[in-house]
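Quick heads-up: it's one chain on its own, the form predicted alone, in structure tokens.
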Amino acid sequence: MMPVKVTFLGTAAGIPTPERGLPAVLLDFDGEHLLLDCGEGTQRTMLQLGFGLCRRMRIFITHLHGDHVFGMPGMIQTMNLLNRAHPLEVYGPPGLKDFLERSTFSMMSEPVFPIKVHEVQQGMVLSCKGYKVEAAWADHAVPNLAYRFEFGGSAGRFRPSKAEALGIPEGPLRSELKDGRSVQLPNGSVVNPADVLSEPVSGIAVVYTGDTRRCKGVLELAKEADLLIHEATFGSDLVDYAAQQGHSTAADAAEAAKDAHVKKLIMTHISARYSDSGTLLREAKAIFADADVATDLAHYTLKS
């Protein structure tokens, strides 16, 4: 399976600093860019790192606070000036389409490339060749979607001989089993995927929270993920303030990683008051050993 390359384009919270730009994470998989949030200046950082703006791309917005979405108008305008041809699909919570129409589409010439905006809710967002995307509501001051990206993997290879032996006709029932769902035959018997599939093939799961307090929705979404990218705006010195503002501390992020049994935690969305993120890292590692604090331009490669 192709690796998943994770690059942190911006890791600040609220305002940029000399060291940190506004939130944006890029997942690069099989020649396609999946951009998670789009803070101001994201397109410049992508160009700086050699990520072409005319490549196949989907953008996933967590919520409509400015530090997560104000980079979209500039991104689209730059793509337009570069004569992008590939369609651009943008996903996010209700209100995203209105934001883009007011801030972008009505203020510049008609884009030379197709743009489709998907306003999504909790549940399955996208399923295509190579990966699928699921969303869950996080807990922030405004509606915020956390996303889970699952690359590759499958419930197992379908074995037609097993299906025939069990009397499963060709058609929808076999499709359901291939997708990992149990079915009931006309005679009333139940067939489980394990009855007709080979051993499951593991893939790579990446979860991105956007802004959130620690909450059940994110915990369930992040279960056994290979990588959890969790906001950690504050340290334990501001635990009460973090909760009031709808944010997490480093300890909150680490507890989420521990409870969800993820393999690795990377914290981002760091408040400008922490010029040295060492304190946040120590607080997290005391709870979850495989934790890291993201820095701008840092990149990681995930392999199955």
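Residues carry their position along the shown sequence, with the first being 1. Note that the coordinates shown come from a computational prediction; the quantities given were computed from them, not determined experimentally.
In what follows, reference is made to the form predicted in complex with another copy of the chain, a form of this protein that is not presented.
By the criterion of a heavy atom within 4.5 Å, C54 is excluded from the residues contacting another copy of the chain in the predicted bound form.
In the predicted bound form, at least one heavy atom of P73 sits within 4.5 Å of a heavy atom of another copy of the chain. Shown alone here, T249 lies farther than 4.5 Å from another copy of the chain in the predicted bound form, counting heavy atoms only.
Although the partner is absent from this view, A260 stays clear of another copy of the chain in the predicted bound form, with no non-hydrogen atom inside 4.5 angstroms. Using a 4.5 Å heavy atom cutoff, none of D30, M124 and Y300 lies near another copy of the chain in the predicted bound form. The partner is absent here, but in the predicted bound form a heavy atom of L81, alone among L173, L81, L219, V201, sits within 4.5 Å of another copy of the chain. Of the candidate stretches 96-104, 230-238, 176-184, 189-197, only 96-104 has residues whose heavy atoms lie within 4.5 Å of another copy of the chain in the predicted bound form. Residues G14, I15, P16, T17, P18, E19, R20, G21, L22 of 10-29 are found to place at least one heavy atom within 4.5 Å of another copy of the chain in the predicted bound form.
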